[in-house]
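In structure tokens, one chain follows: the form predicted alone.
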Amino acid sequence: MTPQAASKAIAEICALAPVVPVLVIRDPAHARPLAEALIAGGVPVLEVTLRTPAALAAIAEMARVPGGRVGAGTVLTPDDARAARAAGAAFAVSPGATDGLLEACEAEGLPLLPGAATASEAMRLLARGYSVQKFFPAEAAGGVPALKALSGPIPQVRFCPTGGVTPANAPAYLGLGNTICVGGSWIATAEMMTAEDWSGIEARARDAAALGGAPPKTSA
């Protein structure tokens, strides 16, 4: 898969909902009901971070739930990319990018949303062909003003800001012309998963999906 094809695939996935829930799953038994709740709430793109021993099993189970697009987050190494693909991940997300990771995802045919926090990082990825990138850590890297500033010299890149994004500030991010969607962990918290509060998660997903009705995007 070429970087251009990867970015096209990622753009199509990101267009499915304004918010991509960032999920830390510790119990594989939660995978199916969690996916069903999120998809029912109108949030079909699911990022399962590779931060727990249950992550790959959760991806495999969630990939079987109709209507969803399940990807792996916190993909750091070529081995992570290969394991995510084998588990059934439809895409991968990384907080940054290395040549080894980019090459592995391209070889595996795994669409990658690579992370960038600076103009130099964004330019380097763009030069390789990645025009859709993750802006991370969004709030710590300057938030909405920083992302808005990047659009002037680098208008070719669209971003998925993640890291410190909340229901309160998500509309400001989504209102930028260079934001394609946002990533957030508030929709399905660890406490809600432990309590198996699937109805509460579905309600939060509905609220997140409604953020797509934010005011028209402005020129950043």
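As the structure is a computational prediction, the values presented were derived from the model and not from experiment. Quick note: we count residues from 1 along the sequence shown, nothing fancier.
Same protein, other form: the form predicted together with a small molecule, not shown, and the subject of what follows.
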Heavy atom contact within 4.5 Å of the small molecule in the predicted bound form, the stretch among 54 to 62, 182 to 190, 168 to 176, 151 to 159: 182 to 190
All of Pro3, Cys105 and Tyr130 within 4.5 Å of the small molecule in the predicted bound form, heavy atom check: no
Position in contact with the small molecule when the complex is considered in the predicted bound form, options Ile201, Cys14, Ile25, Val22, heavy atoms within 4.5 Å: Val22
Contact of Gly163 with the small molecule in the predicted bound form (heavy atom, 4.5 Å): yes
4.5 Å heavy atom contact, Phe136 and the small molecule in the predicted bound form: yes
